[in-house]
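Here you get one chain, nothing else, as structure tokens; it is the form predicted on its own.
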Amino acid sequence: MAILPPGVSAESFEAAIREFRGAIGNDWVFTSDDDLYSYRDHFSYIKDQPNELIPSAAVGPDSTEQVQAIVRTANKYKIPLYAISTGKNFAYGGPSPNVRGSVTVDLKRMNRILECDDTRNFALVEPGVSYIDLYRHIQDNNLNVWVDTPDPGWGSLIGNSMDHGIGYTMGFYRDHFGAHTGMEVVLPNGEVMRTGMGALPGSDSWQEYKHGYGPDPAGLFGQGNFGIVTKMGFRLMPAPEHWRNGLISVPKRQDLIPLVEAVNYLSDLSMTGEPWYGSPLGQLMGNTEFREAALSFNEGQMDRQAESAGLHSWQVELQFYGSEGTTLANWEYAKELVARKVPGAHFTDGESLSVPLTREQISNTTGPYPTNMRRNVTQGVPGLGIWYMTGRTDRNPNDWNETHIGLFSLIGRSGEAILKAQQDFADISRRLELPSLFPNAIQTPVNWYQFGFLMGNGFGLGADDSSPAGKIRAAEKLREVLQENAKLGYGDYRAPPMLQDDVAEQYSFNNFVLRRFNETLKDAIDPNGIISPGRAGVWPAPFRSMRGGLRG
């Protein structure tokens, strides 16, 4: 092989490969360039460069016992492993490791749905189970539950949860890691551990009480590198009888403050599902006078222009789940609450539909509602429609995003915080000579109780060509954005491997005590540093000199 794990000789690597084959079978150990092609991050800014993060081999275990054997062999030869569930987390690195030459542990063959209970409302699954798989299982067995799905449904429940992914139904279920109910983990020494009530032999309540007794280490495995998760449980949302939506719009920029306050109140009472914020004023950006007022954040002029055009400054779509009567009552209460807080608010009744929706109702993409383009995710139906946003489809024929990196900076959960963040991000864009952001671009809920500003950075961010040098310049712009965001208190909550050290640098309170704490645990639990070294900026002692190695 042209690529070897760091510090591992060709002889040791070949010996490890033989042991992997003996443990899981010849057909499930991959070393050829053709086989490893799918384990590259095809959206990466450093694709085809000497420092591209690619593996030396990949292994495809079919059971927890086979994962244990792989981990023991890796310890023997001090080979770094990088575990993936399905490797579909594109924009955040996909299947690529943090350390070039790692051996990828591809868990997609472990695709069993172990339990799915629609009276206790949970599922217990293996890493290879995708949202589409679980949805089909629910449909085939006429179960009365929904799975809360992210935009692309081909990813793994466990993988999405472990990276703190989000969904679109009711608040508790949207936080996928928060909705997990215990896990089984292969530790770096090859032992198997279960968290929560799973640690009690014979327990029948593993999926009901995830904390168990004593310290709960489950949080260490989210965005962590303390083990390989082989089973995980999730709460499932009971299928409601009815769904309705409604659109609220408010006239002035400052009206966003009481609007967010009201929607937060409704959301925290579990009266409404995912709120979809937006602004009708995007259509005015072609108007020179409005654009100048917007880019200078002249709110009075923006309000006058909006009024002249007969447009409101902000809108939010609310969705309601329950019975027909309760969804109507909650919508009526939402209108009453916002009307008290925002003079001039306008309310548009949406659809009122029995659940489950028909295929035609789900695929309806017409109308004024932000969710119409992604109606499926509001109904617990996974799909791949989000890929229409890329430059690879007839709906979006531009070819600008050959590369793509997701950045998601967290901001406060208030209208004041959103308005301030817009000005802050616009100022950063001007100073770094980046494309101007639409001043009414709305931050989106990351989960039940947090807003974030999503920057889906395709190639072209500050670069003048698509050459390797141009991509490197674009990547450096991203690093500058991260640094400037952090100065203003906006930390990112996830990142691809090439930027994870940069994001980890944002969390520096008390001389990086959080990182030092995590790395102390890492060194104790994984002295050889074999499990995903460098993930989320946590570097074990044998690899710690590699911190920041992708900065050039």
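What you see is a predicted model; the values in this text were computed from it and never measured. Residues carry their position along the shown sequence, with the first being 1.
If you look for the form predicted together with another copy of the chain, you will not find it shown, but the lines that follow are about it.
Note which of P201, G286, G300, G310 lies within 4.5 Å of another copy of the chain in the predicted bound form, where distance is taken over heavy atoms; exactly one does. Checked against the cut-off, the match is P201.
Looking at S296, S352, N144, N364, which is the one with a non-hydrogen atom within 4.5 Å of another copy of the chain in the predicted bound form? Residue within 4.5 Å of the partner: N144.
In the predicted bound form, does W314 come within 4.5 Å of another copy of the chain, counting heavy atoms only? Heavy-atom contact with another copy of the chain at 4.5 Å: absent for W314.
Indicate whether another copy of the chain has at least one heavy atom within 4.5 Å of a heavy atom of V538 in the predicted bound form. Yes, contact at 4.5 Å.
Taking another copy of the chain as it sits in the predicted bound form, is F226 near enough to touch it, meaning that at least one heavy atom pair lies within 4.5 angstroms? Judged by the heavy-atom cut-off of 4.5 Å, F226 is in contact with another copy of the chain in the predicted bound form.
Considering only heavy atoms, tell me if T31 and another copy of the chain come within 4.5 Å of each other in the predicted bound form. Heavy-atom contact with another copy of the chain at 4.5 Å: absent for T31.
Heavy atom of each of A10, G22 and L434 within 4.5 Å of another copy of the chain in the predicted bound form: So, no: the whole triplet misses another copy of the chain.
Please identify, from 277 to 285, 414 to 422, 132 to 140, 356 to 364, the stretch that has a heavy atom within 4.5 Å of another copy of the chain in the predicted bound form. Of the options given, it is 414 to 422.
Heavy atom contacts to another copy of the chain in the predicted bound form at 4.5 Å, residues of 216 to 252 in sequence order: Sequence-ordered list: D216, P217, G219, L220, F221, G222, Q223, G224, F226, R235, M237, P238, A239, P240, E241.
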